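Let's start with one chain on its own, the form predicted on its own, as structure tokens.
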């Protein structure tokens, strides 16, 4: 912890001496807490952070349409457009690498569930599945299953380590939740949790916001804080010791995420890529998702708000949108590329402005809850490293199979617990009927075949299939063909064994 005099001088030099204005009123414990917090800040870079945030917030957004071009076709793969044997070859290569314990998964879990209306990490959320499983449990079970598939194919005993980036807000509750749930059957030593940095929120005139008399308003530095956190916590060294060469990085809120997806891994490896991204075709031109494209010849993500409507609506000769590669925060990196980013590029990452309502104390020491945005939080995004890639690829997947994020509380138009639950149950409905199962509704009436249920629709049957039974619909025919399945129907390991013995 730095001495008070040194901290005071640093704050004065950064134009932030107001941070200590309530120092005389603080008790010993509060003073220690504030001094500890200030000691962990980059005080030398504080002036630039604050002034840069104010400048960035005041700057108009720049139109980039004239510099845009699509990602070259040779750098794009697609589940929808690829032959089954090609998909199978990619899957085989992915499973081979997994069987050799060369693949890890990294979860971005630093955000709180504020928009969801909860005060705990999103991964702990139960969307209301018949099984009551949380997002964390579903993801843990998919890791189990993909390890098992690789072991069965190659006679191995492999490990897919799970690296979980948390924040100051989410580390302790996440650790506690995993411990209480016995790490969902995974080996605790193969789950590595680490914290990303926190940075101060700033007013529009470039002043650090005080959340309390002895507390700065802090926020995680965005999911692009990953690269600094890998260095701070020596995670890259840990990956090297474990023999991890390839990493699947994803966001916690996608209920359909395929952990360490062998097809995606195999595609990226077949292309010799150092960096890759899964994408979904945009549902409509103005859909509010970032687009992966080339800008002045460099691959990056352009936010939907930066593109003119006429650019978003451009179509090719096949009638498909030219800029359709919707980014879903689902990425492939080689460890070698991450090392390069850590050593050479992490200081060059773009800063993004988020205008927020930030509770604060005013100059009289009164607590204020603002009714309109009053502060700036600066964020980096995980995809900001795409421009540094030597060989970037994109891989288009089917939205109904792989992308249904949980972002908003019940009642919102999209990305709610209801849409997430429906997406997963609709997928399992399709799997069960494709395997030859005959589903009944809650009244015992026969239900139609798979084609009538798509993601987002409420499926007519509550059919849930545990990831421990099937990773992505495989192995179900021998269990379900010709069987009549009531609603609700939960196919877990116990039920699967019963069906096998019948």
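Numbering follows the first chain given and starts at 1. This is a predicted model, so every value here is computed, not measured.
Missing here is the form predicted in complex with a small molecule; even so, the following discussion is about that form.
**Student:** Of 375, 266, 104, 220, which residue is found within 4.5 angstroms of the small molecule in the predicted bound form when only non-hydrogen atoms are counted?
**Tutor:** So the residue touching the small molecule in the predicted bound form, by this definition, is 220.
**Student:** Which listed residue (325, 423, 174, 196) meets the criterion of a heavy atom within 4.5 Å of the small molecule in the predicted bound form?
**Tutor:** Looking at the other structure, the residue within range turns out to be 196.
**Student:** Name the stretch: of 334 to 342, 83 to 91, 246 to 254, 299 to 307, exactly one has residues whose heavy atoms fall within 4.5 Å of the small molecule in the predicted bound form.
**Tutor:** Checking each option against the 4.5 Å cut-off leaves 246 to 254.
**Student:** Just checking whether residue 122 would be counted as a contact of the small molecule in the predicted bound form - the rule being heavy atoms within 4.5 angstroms.
**Tutor:** Contact with the small molecule, yes.
**Student:** Within a 4.5 Å heavy atom cut-off, is residue 276 in contact with the small molecule in the predicted bound form?
**Tutor:** Taking the distances in the predicted bound form, the answer for residue 276 is no, it never comes within 4.5 Å of the small molecule.
**Student:** Is residue 77 one of the residues lying within 4.5 Å of the small molecule in the predicted bound form, judged by heavy atom distances?
**Tutor:** So residue 77 does not count as contacting the small molecule.
**Student:** Using a 4.5 angstroms cut-off on non-hydrogen atoms, would residue 418 count as touching the small molecule in the predicted bound form?
**Tutor:** No, residue 418 stays farther than 4.5 Å from the small molecule in the predicted bound form.
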